[in-house]
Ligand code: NDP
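Just one chain follows, in the form predicted alone, and it is written as structure tokens.
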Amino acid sequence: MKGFAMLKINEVGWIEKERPHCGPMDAIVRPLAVSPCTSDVHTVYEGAIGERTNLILGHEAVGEVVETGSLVKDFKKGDTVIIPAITPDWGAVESQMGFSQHSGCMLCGWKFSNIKDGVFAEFFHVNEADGNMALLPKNVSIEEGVMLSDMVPTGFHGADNAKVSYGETVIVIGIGPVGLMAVAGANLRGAARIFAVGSREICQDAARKYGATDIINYKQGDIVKQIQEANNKKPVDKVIIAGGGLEAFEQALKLVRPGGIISNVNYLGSGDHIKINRLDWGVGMVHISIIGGLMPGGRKNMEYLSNLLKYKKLDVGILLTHRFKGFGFIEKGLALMKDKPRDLIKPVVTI
């Protein structure tokens, strides 16, 4: 089969590989729609998780089931399914402890384009199919369904880990597609005032549609000063980091109240250390929690989030700024995520 792969750090290309084998609990899926991600960019062009050789990229897909293992009960050949970016081993001890994303080892629930071939191929493998796939609702398009693989659950996980609640003031740093879903998640959880930090006009407009009340452009000055001035010098309740560099943690600490939460869902692709200012952290005793979380995967999460699209509670079509038809456009989609033109939020490729 053909696939689009990371050949090595800083190099991508098309390769030929054997079609994956289907185990008794697994499925083989043919992609119908896929979407390149900034995470692919970090992996390839920053070497963020180390060297990978001839590893097929991609972790966001809606597909058609072409084969199921003998023990798969709930899916059959021909089903159209959403496949989450995170496909845990549900029998692992870590899964039983509530951290399925790290089943087996740190980040090992993230298999596609990390520890096995991803979805940018003519066929791809899904482990534990009954636990790691969900049927696409009939009134949800395959392009919209792809946003449920990673963008929606990652952004919402940022809001969930921040424990956003009614009436709170929240900052979302970085309003690419994940940050926009963090804005939407915070809004759905009841945040009253949402500061969205980003510079591209198309993302600012989308943030407003998803519930942002204030837009902060980091190119117009220090975001700490801008937010403090807009918020009458008062600290905010929660900060969700969905983009930016390592400096975002320093900025967040200066802005969040004692007892507040800083929730990170940004893939930190470069740098060695995160700086925590001692005084801003109340010499270690200010009760500010800092949590970083890989999005939850699995079937249940996909089914619940797809209900938001099914019943028109969330419009992910706003994210889809660049649409392509044809397997060969995957390479162009990845290049767009790397270069980030001003009119881009998210590309999708239908096959």
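When you see a residue number, it is the position in the sequence shown, counting from 1. This one's a predicted model, so the numbers in the text were calculated from it and none came from an experiment.
The same protein also has a form predicted in complex with the named molecule, omitted here; what follows describes it.
Stretch-level contact analysis of 133-141, 71-79, 87-95, 149-157 against the named molecule in the predicted bound form, using heavy atoms and a 4.5 Å limit, identifies 149-157. Site residues G3, A5 and G58 are none of them in contact with the named molecule in the predicted bound form, judged by any heavy atom within 4.5 Å. With the partner removed from view, the residue among I173, V126, A184, V256 that has a non-hydrogen atom within 4.5 Å of the named molecule in the predicted bound form turns out to be I173. When contacts are judged by a 4.5 Å heavy atom cut-off, K219 counts as touching the named molecule in the predicted bound form.
The closest non-hydrogen atom of C37 lies within 4.5 Å of the named molecule in the predicted bound form. In the predicted bound form, at least one heavy atom of N266 sits within 4.5 Å of a heavy atom of the named molecule. The shortest heavy atom separation between L294 and the named molecule in the predicted bound form is within 4.5 Å. The partner is not shown here, but in the predicted bound form the stretch 196-228 reaches within 4.5 angstroms of the named molecule through a heavy atom at V197, G198, S199, R200, Y218, K219.
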